[in-house]
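The data below hold one chain only, encoded as structure tokens and taken in the form predicted on its own.
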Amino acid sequence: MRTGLPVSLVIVVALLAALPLAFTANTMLNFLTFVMIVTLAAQGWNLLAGFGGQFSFGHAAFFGMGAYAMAILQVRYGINAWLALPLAMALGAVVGFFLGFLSFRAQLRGSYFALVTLAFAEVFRILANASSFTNGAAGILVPLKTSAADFQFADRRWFYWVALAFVALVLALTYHISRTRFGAHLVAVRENEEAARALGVDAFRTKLKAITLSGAITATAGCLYTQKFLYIDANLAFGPWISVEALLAPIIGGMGTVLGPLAGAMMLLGLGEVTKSLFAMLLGGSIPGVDLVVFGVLLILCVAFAPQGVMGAIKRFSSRGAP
């Protein structure tokens, strides 16, 4: 059995790390950082759905918990951002465990599980929008403290590199999981849960571990979002936008693959930004929702011509060209 990380993964991370040296414009740095944030959320979704087959429509629940915890711990309790980060990640894991325990104990799967996750995200959004603890609809503004000790950087490249480091760690973790017994159990549950149980796989424990880990990873994306933009409210934290992007990126990039969510996030957000810029240039103004049209077209094309996503198409074409 091979050990270590694949060369392709190392090369991709190295190229991404070098991008800020070539593109120093703030617009490009902001775009790349946002891609990293969406990639983290997408990889969290991919671990649960792509590998485990448990489709979620409400990963905003984990993203929002991480985002709000990151803000509240700093603003209300004066906790340093670097310490608030693992605490917020742990809260995301706890929420994932709680949601998974209730859902999987009740043997919910398929559309029923997806709707339950969507309901949890919406309940959290309503509570955050109405509660004085979260400052209601006004949201929470994190004070500006431009210092690396406070997880804020005068040079935007450093925040991007930190976000990329988290992405690299999660990619490495996903690759490791795909080669472990836990990863094999996840795939077995995805393919046929009854057959997996018959072979001795504890499906409940496997799915519970997956959603707990997925919650922690997605909460990390929420933490980085708060720390990047220094503001969060209920619609940003628990809104459907992040749930949609978290599931579209792996579907387009390739579910159940290590690099699929990253490839999907780059393509999804990149084409969305290009489309908005073209419309603004041609029509003299932006059209709200035009990026969503692009997302829909990409999804249709992916389902029709590349059901295994971009990574699946690359693998298929490379195998055809092999001698």
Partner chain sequence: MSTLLTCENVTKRFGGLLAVDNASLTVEAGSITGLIGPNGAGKTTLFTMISGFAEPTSGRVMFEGRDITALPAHIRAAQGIARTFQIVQPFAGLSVHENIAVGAYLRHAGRTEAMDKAEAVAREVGLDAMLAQPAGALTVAGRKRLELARALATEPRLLLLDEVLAGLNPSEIRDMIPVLQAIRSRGVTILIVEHVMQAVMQLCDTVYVLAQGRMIASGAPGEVAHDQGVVEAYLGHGAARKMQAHHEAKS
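Numbering follows the first chain given and starts at 1. Owing to the predicted nature of the structure, the values given are computational and were not obtained by experimental measurement.
One more form of this protein, predicted in complex with its partner chain, exists but is not displayed; see below.
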- [ ] May I ask you to choose, among Val244, Ala188, Leu108, Leu141, the residue with a heavy atom within 4.5 Å of its partner chain in the model of the complex?
- [x] Ala188
Open item on the list: Can you work out which of Ser131, Thr146, Asn80, Thr180 has a heavy atom no more than 4.5 Å from its partner chain in the model of the complex?
Closed with: Thr180
Task: Proximity of Asp155 to its partner chain in the model of the complex, heavy atoms at 4.5 Å - done: no
TODO: Indicate whether its partner chain has at least one heavy atom within 4.5 Å of a heavy atom of Val167 in the model of the complex.
DONE: no
- [ ] Flag Ile126 as yes or no: does it have a non-hydrogen atom within 4.5 angstroms of any non-hydrogen atom of its partner chain in the model of the complex?
- [x] no
- [ ] With heavy atoms only and a cut-off of 4.5 Å, decide whether Ala163 touches its partner chain in the model of the complex.
- [x] no
- [ ] Report the stretch among 231-239, 188-196, 116-124, 84-92 that approaches its partner chain in the model of the complex to within 4.5 Å, counting heavy atoms only.
- [x] 188-196
